[in-house]
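A single chain comes next, written as structure tokens; it is the form predicted on its own.
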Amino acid sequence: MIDEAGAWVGGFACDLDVPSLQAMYRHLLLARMVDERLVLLQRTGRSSFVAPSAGHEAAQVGIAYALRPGRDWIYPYYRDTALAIAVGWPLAELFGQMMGTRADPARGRQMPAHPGSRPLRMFTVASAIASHVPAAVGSAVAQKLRGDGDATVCTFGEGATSEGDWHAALNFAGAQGAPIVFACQNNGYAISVGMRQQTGSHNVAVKAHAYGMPGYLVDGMDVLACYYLMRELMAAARDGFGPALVEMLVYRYGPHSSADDDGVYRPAEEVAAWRERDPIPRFRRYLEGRGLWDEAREREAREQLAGEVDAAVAAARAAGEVPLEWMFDDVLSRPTPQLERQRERFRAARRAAGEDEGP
């Protein structure tokens, strides 16, 4: 839809209004700022883990804008920071989850980079690669049986397509005609394993045909291309046309995670070349070409968004640490006698150690 210079090449008129286009760009900016802050929080010991998402923003924001938050189900993976932000996950909750404070709706029980939100129908991220894909298909089949006109989107990296869970899930989705769109964010590496070492297929999209669904290949660095394709496929899924698989070609500018040294397996020249295709300046050039953005708007947006990030981090930290005793809550709807005995032994041990039991 947008070439490298930011010119519209869609072959049809862009029907997004000006506020939506500008909001889309602001979400791209915000996602990059949040990603940079998360890296800093991990490096300063305030978070134990981060999965950088810089380079994936266009694919994720494009997906988000094609959804109906609160109706469509979202099954994300651990790199979906921009997706979570763009569908409305509060920043204070995001940072609370990353730092494990009381601002975290999951009460500090998930490792960082594992978002989830009941109001947004966003399934909590699972660490085991592709384990969420069968669950996503289950949600989609339930939507079909209810006939509620909603659909599911399930995201993952290309490494997930090497897992048995992925193949079983796509086979079941195709057989059942489930209203689901599978969105693969292919950044070329499953940690350090390159795409050509993972599959003999020409690409991921071609795998769709084996399971009776269409497959699409799209430039994941182009937010409008991702949006328009996802909008069409989600609408088709809601209308009963069944599942689809989308492969979004992206690139992660950072390492796989804070535990990874990407310099070992990919050359700096490769990273630099992909940085020339950064989706954020690309979309900005498009907006500027239409007279919808300029340097003054850029400065104002960055200042405002930086303030929102600062405030969210402060709120997440101010919420305080999660009490250890919370580990006994919400395990079962009604605590068993055994669980209550464990809780009391825990309290006794803390009293004996002279520690504050907390609320």
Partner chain sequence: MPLQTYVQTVARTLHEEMRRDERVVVLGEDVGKRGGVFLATEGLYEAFGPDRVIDTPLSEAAIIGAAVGMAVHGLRPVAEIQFADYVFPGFDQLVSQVAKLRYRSGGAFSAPMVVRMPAGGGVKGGHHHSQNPETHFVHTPGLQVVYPSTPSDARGCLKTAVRGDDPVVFMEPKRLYRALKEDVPDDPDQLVPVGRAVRRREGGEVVLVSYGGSMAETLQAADALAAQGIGADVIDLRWLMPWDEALVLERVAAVGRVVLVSEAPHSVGMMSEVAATIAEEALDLLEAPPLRVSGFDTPYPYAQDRAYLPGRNRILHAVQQVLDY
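What you are looking at is a predicted structure, and each value in this text was computed from that prediction instead of being measured. Residue numbers count along the first chain shown, from 1.
Another form exists, predicted in complex with its partner chain; not displayed. Remarks below refer to it.
**Partner contact for residue 156 in the predicted complex: its partner chain, 4.5 angstroms, heavy atom** = Residue 156: no, not in contact with its partner chain in the predicted complex.
**Request:** Tell me, yes or no, whether residue 288 is in contact with its partner chain in the predicted complex, where a contact means a heavy atom of each within 4.5 Å.
**Result:** No, no contact at 4.5 Å.
**Partner contact for residue 23 in the predicted complex: its partner chain, 4.5 angstroms, heavy atom** = Close contact is absent here: in the predicted complex, residue 23 is far from its partner chain, nothing within 4.5 Å, heavy atoms only.
**Request:** Answer with yes or no whether residue 355 is in contact with its partner chain in the predicted complex, where contact means some heavy atom within 4.5 Å.
**Result:** Judged by the heavy-atom cut-off of 4.5 Å, residue 355 is in contact with its partner chain in the predicted complex.
**Request:** Let me know the one among 148, 270, 239, 276 whose heavy atoms come within 4.5 Å of its partner chain in the predicted complex, would you?
**Result:** Of the candidates 148, 270, 239, 276, 148 is the one lying within 4.5 Å of its partner chain in the predicted complex.
**Request:** Determine which one of 85 to 93, 69 to 77, 180 to 188, 215 to 223 lies within 4.5 Å of its partner chain in the predicted complex, judging by heavy atom distances; exactly one does.
**Result:** It is 69 to 77 that comes within 4.5 Å of the partner.
**Message:** Could you pull out the residues of 143 to 168 that have any heavy atom within 4.5 Å of its partner chain in the predicted complex?
**Reply:** Heavy-atom contacts to its partner chain in the predicted complex: 143, 145, 146, 148, 159, 160, 162, 163, 165, 168.
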